[in-house]
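In structure tokens, one chain follows: the form predicted on its own.
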Amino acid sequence: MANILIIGAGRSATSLIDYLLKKSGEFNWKITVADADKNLAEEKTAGHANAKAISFNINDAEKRREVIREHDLIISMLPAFMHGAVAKDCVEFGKHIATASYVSEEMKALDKEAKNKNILLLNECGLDPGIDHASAMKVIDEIKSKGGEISAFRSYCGGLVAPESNDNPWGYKFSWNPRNVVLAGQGTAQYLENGELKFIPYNRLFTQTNEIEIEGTGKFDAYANRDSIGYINEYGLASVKTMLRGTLRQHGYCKAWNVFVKLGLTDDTLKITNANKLTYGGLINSFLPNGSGSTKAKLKTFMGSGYDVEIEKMLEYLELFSDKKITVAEGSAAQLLQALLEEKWKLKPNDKDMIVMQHQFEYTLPGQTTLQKLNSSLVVIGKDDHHTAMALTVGLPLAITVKNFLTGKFKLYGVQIPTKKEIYLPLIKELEEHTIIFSEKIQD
């Protein structure tokens, strides 16, 4: 028997919890779902005989350590910055931990002790990162098995709204943490292009984009993720000349989002007091230089060539030139923008979201001079605003990999991500049973 603790019962945990509850009888698991909102935890456990819901405050160190000590494996669905304290407790008490988040420096620092204690620190096992690693490594290892040499690897992923639910000019609705969307890309992106190291600072990120087309789905904007370089070694691509990982948005999104970046509306540092005395039109005007004419006219002058009719329509949809009142009493510019977007980009009850991912490989095979190009693509459509494609593709790979570890399909300890065959092969096989299937196509 294993006692599993799931910390966090938010929207991304839905499929994870459902899967583990379904498997709990077969493998004799007892599952505790812990959340600051006990009602939410109870909703997710739905009275299941092998589960219980508890109220949980991550900042109550004594209670946190007590609960962790009672379990064998902890799945943290908390925001990434909160994993550190949980992971330290897990290593101290000899408990395994699994997350869908990027490997942090705090997690790396626990690697040696975890290996000495035979403790698994599983990370990056969601969608992106997660499914992207597993699916990319499958193709990379297949090419290598033929003696091939990969010269270029590009990988893109986006959580979007399905075409049938796309009723706004941005082509976007929230299916995951809105704050992460508003603050996306801050910092400097770095990648490798034709053997040269490239950097894109945040102020250029949404103008220096690529256009990606996925057959049967359409065109998308792609902007670079913060760090692509670090995965060269993880993927075993020492001789690669191009290495780029990026995020997808509907075509046209990035040029409009750049207006917010240039204005400073994604800044999360300055606190604006008495914000609820402002309108959104007034907020935009306050970020513009002095000038004559309407706020719309001043913005057009300010943005210059970075402004057009389509962008204007997108901003008007958000009522950014109107007398719409701000409801947040105090907050950063990013928080005020987020409050508006949460209202405008909310999934309706019958709306469906969409996950789109594509890997692009360029390689040569032994005895051949012709460059081979292969695209591996994934499209997943959600069922509704509760059973989303995002929740499925974030939670399911984590749940499957936890099951595979607890049932002895792999025995790896310390910090691990799904780039090893022991982890990714059974994961991909089972994901396909849940219709999460990549389509591979050789390009002309």
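Note that the structure is a prediction, hence the values are computed from the model and not measured. Residue positions are given as counts along the sequence shown, with the first one as 1.
FYI, the form predicted in complex with another copy of the chain isn't displayed, but the following is about it.
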* To do: Sort through D323, E196, E211, D167 and report the residue having a heavy atom within 4.5 Å of another copy of the chain in the predicted bound form.
  => E196
* Given that another copy of the chain is left out here, which of V261, L374, M82, V91 has a heavy atom within 4.5 Å of it in the predicted bound form? -> V261
* Structure fact -> Exactly one listed stretch (363-371, 269-277, 149-157, 116-124) reaches within 4.5 angstroms of another copy of the chain in the predicted bound form by non-hydrogen atoms, and it is 269-277
* Does any heavy atom of A297 come within 4.5 Å of a heavy atom of another copy of the chain in the predicted bound form? -> no
* **Contact of A162 with another copy of the chain in the predicted bound form (heavy atom, 4.5 Å)** => no
* Asked: Wondering, does Y317 line up within 4.5 Å of another copy of the chain in the predicted bound form on heavy atoms?
  -> no
* To do: Evaluate S101 for contact with another copy of the chain in the predicted bound form, applying a 4.5 angstroms cut-off between non-hydrogen atoms, and reply yes or no.
  => no
* Does every residue of N3, I31 and R179 put a non-hydrogen atom within 4.5 angstroms of another copy of the chain in the predicted bound form? -> no
* Residues within stretch 281-296 having a non-hydrogen atom within 4.5 Å of another copy of the chain in the predicted bound form -> L283, N285, S286, F287, L288, P289, N290
